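As C-alpha cells, one chain now follows by itself in the form predicted alone.
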C-alpha cells in the first residue's frame, strides 16, 4: 500500500482517488476549495464521458436520480454560422450538467471509496516547500488547466428561457457553430443544461485558440458579443431570454505533441497533462480515464519510478494516437473551406454524418473515424 496525494479534486483527481482508494492505497485528496464548488466550462458530458464515469459506478440512472440539474442530449448539431448545418440523432444518450452538480457526484464517490479530503492551495510546482514531496510516495498532479499549458480560451454565459418558447428539439440538442470571426478553429456553442423544470437553462459560449486569438484585434468578451449578434440561431434564442448571467472567461489546456505526463514521483493527469480534446475542448472523458489509468500504473509498479514509466506508457497507448489525430484534423481545418465541406459531406452522406457526429459525441476516436472515412 502506498501513501498517495492527489492534488486537485475535479473529475481527474476524483477518478484517480476513487480507483486508488478502492485498490487499498492511503489516498489524500487535496483541493483549494471545499465542495460543492462550481467550475466555469461548457458543461457538456459526452457519451465517452458517461462511459468513463461508469467505471466509478456512476450510471445514467444515477445521474437522472441524483443530479438536480441536467439535460439529456439526443442530437448533435454541427454548422457553419449562417451558411450550412446538419443535425444528427444519436442512439446513445449524452448529457449536459452544470459542473457544480456533476463534480459533486464524482467527489462523493471518491470519499465513499475511502479518500481523505483536505483543503490546501498548492502554488505552482513547489512540492518540496509545501511538504508534499517527502510526505507521500507518489503525487498525482490533477490541479487542472493552470498546471498544464494553456493554449485556448473560452467564455460562457447561462441563459434562462421559458419551456413554452422552445421546441422539443432545442431541449435535447447540443449545437456547435464554426465561425470564422473566432479564428480558423474557433466555434460557438449552445447547450441545454437544465431541462427538468419550466425554466430552461442554456450554456452559451465561444472557444478560441491562443495562436489564432492573438491575431484577432478584439478581446474575447467582445468576440462573444459579436458571435451572438451575427449568428442568426443564437440571436433568435437571445430574443426569448428571460434572464441571463454575466459571461465568464476560462482557459483550456488542449492536447500538445511530445507530451510528457510523468516527472519522477509527480504524475500529471487530466487538464494538468493537456489531455483536453484539441477540437471540441471536451476534457471530462480523458480526465476521468486518465485517473483510472494512472491508478493502474501505480498498481502495476513496485516503485515510484516504475509507476512513472508505466503512466507514460499507458498515456502513449491509450491517449496519444487519438489526440494526435485530433491535432491533425485541427491543422487540416486551416483551409477556409474545410468546415463548410465537412458539413456539406454530412448532409450528402448518412455514413459520414454518423461518423462525424459520433466523433464529436465521443463514441468513436478520431483516428478510427479518419481510417473509416477512407473506405
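This one's a predicted model, so the numbers in the text were calculated from it and none came from an experiment. Positions refer to the first chain, counted from 1.
The same protein also has a form predicted in complex with a small molecule, omitted here; what follows describes it.
Taking 201, 156, 177, 289 one by one, only a single residue has any non-hydrogen atom within 4.5 Å of the small molecule in the predicted complex, and it is 156. For the options 223, 237, 252, 261, the residue carrying a heavy atom within 4.5 angstroms of the small molecule in the predicted complex is 252. Each of 9, 122 and 283 comes within 4.5 Å of the small molecule in the predicted complex, counting any heavy atom.
Proximity of residue 326 to the small molecule in the predicted complex falls outside the 4.5 Å heavy atom cutoff. When contacts are judged by a 4.5 Å heavy atom cut-off, residue 107 does not count as touching the small molecule in the predicted complex. The small molecule in the predicted complex is approached by residue 41, whose closest heavy atom lies within 4.5 angstroms of it. Though the partner is left out of this view, residue 294 does not reach within 4.5 Å of the small molecule in the predicted complex, counting heavy atoms only.
The stretch among 114-122, 223-231, 73-81, 301-309 whose residues place heavy atoms within 4.5 Å of the small molecule in the predicted complex is 114-122.
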